[in-house]
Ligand code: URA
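Below you'll find only one chain, the form predicted on its own, shown as structure tokens.
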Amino acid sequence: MPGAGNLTMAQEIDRVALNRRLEFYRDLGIKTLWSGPSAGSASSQPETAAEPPPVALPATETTANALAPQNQRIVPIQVNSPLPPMLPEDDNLERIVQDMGDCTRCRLGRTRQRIVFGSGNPEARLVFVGEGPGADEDEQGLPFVGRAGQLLTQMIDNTAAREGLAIRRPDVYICNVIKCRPPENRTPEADEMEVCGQFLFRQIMVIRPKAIVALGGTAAKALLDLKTGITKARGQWHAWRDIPVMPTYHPSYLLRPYNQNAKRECWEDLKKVLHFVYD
């Protein structure tokens, strides 16, 4: 098998996709995947085949089949509606919307009204990533249009104005980790974020912003796989691939009357990001 430095772009995309899938299984607590015997082997006959031993998931980021015995292969769990390639050639936002279609790849497709893809400047230098749509977003098909969205608009517009930056909400791009509203606005499940994460990955890779703001713990975990809470992670630069990421509080958290200190901290985070991106 070629070394990591000799992989073609297609092989690298396949490797990243497989690693993300295996990490997802490990997060769910799945320790093994069952594999079948290789084609043409004596044990391939159903009436005489012995149950094959489980193959342990790799503990490091490498392709699974490279670690499996020669007569075995890892069989990934199949989904009913397969995802498109993680990074198609000449990708763009319109193509991602087309590939998503009337998505029913997870259970959220059965309860939502509208897919909430994203909005804003498709060439934005700054991207905000939230958790998922709420009731207002589900009704209108646009992200951050409810009370939390109105606060986010004020945060962007007012902070930029105070700092002397000619930036307003339409100049940035806003989207969510998941594109469909969870019932009762519950926290998204791991498999739901895994499915929508493929489309979020492509959105960010198409826009290629100078920085990302992760709004809330769910967005920060999805982008950065943080092991700490948002309170400890906020205010510090992290990285998604080679793009700087600033985690901060979700606007819905700031709407609670007892979070006055959090409001001040979030405004400081936003000032830091705006100056980094637009100065």
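As the structure is a computational prediction, the values presented were derived from the model and not from experiment. Sequential numbering from 1, following the sequence displayed.
One more form of this protein should be noted, the form predicted in complex with this ligand, which is absent from this view; the next part is about it.
With the partner removed from view, which of 89-97, 203-211, 159-167, 127-135 is the stretch that lies within 4.5 Å of this ligand in the model of the complex, judged by heavy atom distances?
Looking at the other structure, the answer is 127-135.
Look up in the model of the complex whether Arg234 has a non-hydrogen atom within 4.5 angstroms of this ligand, and give yes or no.
Contact with this ligand, no.
Is it the case that Phe144, even though its partner is missing from this view, gets within 4.5 Å of this ligand in the model of the complex, heavy atoms only?
Residue-level check for Phe144: yes, a contact with this ligand.
Counting only non-hydrogen atoms and a 4.5 angstroms cut-off, does Lys221 reach this ligand in the model of the complex?
Contact with this ligand, no.
Contact set, 154-169 vs this ligand in the model of the complex - heavy atom within 4.5 angstroms:
Going through 154-169 in order - heavy atoms within 4.5 Å of this ligand in the model of the complex - there are no hits.
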